[in-house]
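The chain that follows stands alone, in the form predicted alone, written as structure tokens.
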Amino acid sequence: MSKALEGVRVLDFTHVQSGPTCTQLLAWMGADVIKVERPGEGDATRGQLRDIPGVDSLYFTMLNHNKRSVTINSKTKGGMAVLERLIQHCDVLVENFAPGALDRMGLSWERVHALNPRMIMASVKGFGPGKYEDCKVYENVAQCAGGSASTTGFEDGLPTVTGAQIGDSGTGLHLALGIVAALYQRTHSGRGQKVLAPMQDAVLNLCRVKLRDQQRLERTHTLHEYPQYPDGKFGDAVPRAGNASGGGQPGSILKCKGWETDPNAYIYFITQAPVWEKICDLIGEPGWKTHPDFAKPPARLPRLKQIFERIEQWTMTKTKFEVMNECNALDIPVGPILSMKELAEEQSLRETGTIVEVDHPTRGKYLSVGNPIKLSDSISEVERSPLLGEHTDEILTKVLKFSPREVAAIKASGATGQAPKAQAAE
């Protein structure tokens, strides 16, 4: 069975998380991803947050599956010649360098386009064009600049970043979609193009419902689905809403049996209108089905605190999984708060390939996420991340078609950071 992106070759100039997320997704879909790394060092995450001395970190291995690694010293004439030849043999170039870095290397869009008019050049940047476009951005900066932090947390607390990597990995996912769209357009235009995914833009896209609420707030000066209603005050910007859904289906995180000792013994409970009568029966409040204070959604909104306090009295008598089982049988939407430990041990996620066990030659076996996107005719197979420069010879000979003598000359020049094998043995 062929892969969805089989035949697409990607030149991967990315590092850390946002870019590698994008290129790993393309690799899972079948693209041949050639990761270009600095000799002797490689991607900075190879050595970050190590749990085993001298071994590639989980940070690196979990973001660079299914790729090939080549080491090239772009500061040498020979190294730049190899890079330019790679550009001519690839379909996509992906980079997340600091603003202007590629231009300083001599690989501006104009130069890349001249070398390969069909090349798609995809970039992650912190900000799009404008007054902040030259600023460097990291995960939490993107969450703050994209609107997520200002709307996350509780009203009486600080703005809060989320543990989900919506700035880095979220932007990488957006960029991958842009690349696939550009590849499709190239099938009938014959031309490459630039693809840009600013991190601020990606985070804001993921926060679109808060931009919706900003406009509602400006018009009505209140947001009835937020916990500030009816007793609190609204300012001129969307407030932090705690664990309220902020949408048309009110929800809250409630304690379950064992919450005193288990920090994850909680469940998210949604009081969806179509199943309200079932909720009333379940928690032992049948009278609420007809009571004027509770029978209709508009009447319930000012009383959500009271309603969830009563539901919590019921959830505290059961484990989160018991609550889930009883509610699902009645089509009441709930979600247990699952820890990373519980997710790592969840067998169904192993069976679908969402969590995979990977064997690494120096690290041994470890768990990683697999491809979250499932294609029926293109099954993803997660392969281990490459060792630094592991595929340098393979790329030089099989992709770029250099002869053994040319490869020896390239290595002798320091272009790859590797001496010829005969010299290295001496």
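Residue numbers here begin at 1 and follow the sequence given. These figures come from a predicted structure and were not determined experimentally.
Just so you know, the form predicted in complex with a small molecule exists too; it's not on screen, but the next bit is about it.
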Just one of 181, 105, 115, 253 has a heavy atom within 4.5 angstroms of the small molecule in the predicted bound form, so which one? 105
Go through 323, 124, 82, 93 and name the one with a heavy atom inside 4.5 Å of the small molecule in the predicted bound form. 124
Only one of 69 to 77, 280 to 288, 350 to 358, 226 to 234 gets a heavy atom within 4.5 Å of the small molecule in the predicted bound form; which is it? 69 to 77
Is there any non-hydrogen atom of residue 139 lying within 4.5 Å of the small molecule in the predicted bound form? yes
Considering only heavy atoms, tell me if residue 411 and the small molecule come within 4.5 Å of each other in the predicted bound form. no
Could you tell me if residue 97 has a non-hydrogen atom within 4.5 Å of the small molecule in the predicted bound form? yes
Taking heavy atoms and a 4.5 Å cut-off, does residue 407 contact the small molecule in the predicted bound form? no
